[in-house]
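In the structure tokens that follow, the same protein chain appears in two forms, which are kept apart as structure 1 and structure 2.
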Structure 1
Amino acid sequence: MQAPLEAPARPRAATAAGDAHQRLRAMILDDALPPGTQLLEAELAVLLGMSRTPVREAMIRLEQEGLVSITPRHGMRVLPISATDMREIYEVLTSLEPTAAELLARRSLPAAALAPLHQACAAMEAALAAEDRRAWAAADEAFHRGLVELCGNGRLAAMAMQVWDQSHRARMFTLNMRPLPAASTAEHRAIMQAIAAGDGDAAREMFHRHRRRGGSELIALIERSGLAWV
């Protein structure tokens, strides 16, 4: 019997470049490398503990994704967070996520299937009581991701998650600039109750108002802080 074909192994350089890209991208999105950070290729290689070749390839990918700019002999600079970009991102989210909430409500899933969303709401409420903003942000992200994943439309979920990732950096950067998210926590719980009740119209309308309010608050913070000019 002929042995089954095996996929060719990925070249080590490609694997290292992918690893460098993922690690640098995560640091940028979580603001471990905030806007305006300037680092030489050699400094990044030391930071990541790898050679300069995969780091160079990772920098090129990050530039293509609009996260950094590269200047010869000066390395890469983490680009500022643009209020214009965030406005466009929230316009997309305000269109997609309310539809996901409506679709999910109309699916009438059993309580067990909705448990992750209930748990995310409870985690937000606990984090709010403890004034733990990072824990709250993690629970908020779990709610939004869980909602679109359960809505039953894979394409909508993929589009929403792509845009959600693009907004992650601004949300984390402004986390401590915002007031404690009491209003947002209550809105999540109300949306969850509408979904559990199978009320698609209410879920859609509440989510639409939630996104518009949150987007306006975030964009105003970016404009007032001068973050876009870092």
Structure 2
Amino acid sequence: MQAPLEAPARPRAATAAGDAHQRLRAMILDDALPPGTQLLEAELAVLLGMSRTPVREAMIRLEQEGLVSITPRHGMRVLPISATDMREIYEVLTSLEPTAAELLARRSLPAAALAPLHQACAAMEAALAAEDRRAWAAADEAFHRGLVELCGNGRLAAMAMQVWDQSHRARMFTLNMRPLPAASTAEHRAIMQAIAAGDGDAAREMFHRHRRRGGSELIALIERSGLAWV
């Protein structure tokens, strides 16, 4: 986990540009390239073992995804997340995810289609019992990803995942600063049941409250731990 800043060897994408995008994105989310890191095109080209052209294309994608900023003579800078950013992100999620829950509930999918959500809930409960925060976070992510991906609106899903990614590091960082997320786990299960029952209004409402609570907790944590953060 403390490898000396090296490009992880992954299943290569078909193109060097796609490969660069995936690998840089992974390195940013894993904190292998911590916030504030500045890298020039040429440095990235060496790091990734390719020329500047595909690196540039990857940088453009990462910039549009809100993970880095590009400044002409200073290369690419991994963006930190401030308390303001977290507020924005949670406002967006508080808006989009309850909508996704409502849409999903109203889709009346066959019960089998909701299996990923059931599994995520179970994994969350198991992780809570084992007090394994990392496993809990993974299950939480699986739940939220599954929810937006199943809701039947690809644009909504892509947007939710985009801000979710932006806040990934902050969630990982605060994970050990929070009490065990017992309430949150129970809320997921309740939302799950409302969706399975096809109760769109309940699913939306419960998710809304879930996000409001979770968001304010996280933002409070971040503000307490100092600004200009992550």
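Quick caveat, the model's predicted, so the values are computed rather than measured. FYI, numbering is relative to structure 1, first residue = 1. By rigid core we mean the largest C-alpha set that fits within 1.5 Å across both forms.
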query: Correct structure when looking for the form predicted on its own; finding: 1
query: Rotation (degrees) of the lesser rigid unit against the larger between structure 1 and structure 2; finding: 28
query: Angstrom shift of the Cα atom of residue 42 between structure 1 and structure 2 (superposition on rigid core); finding: 11.3
query: Angstrom shift of the Cα atom of residue 26 between structure 1 and structure 2 (superposition on rigid core); finding: 3.0
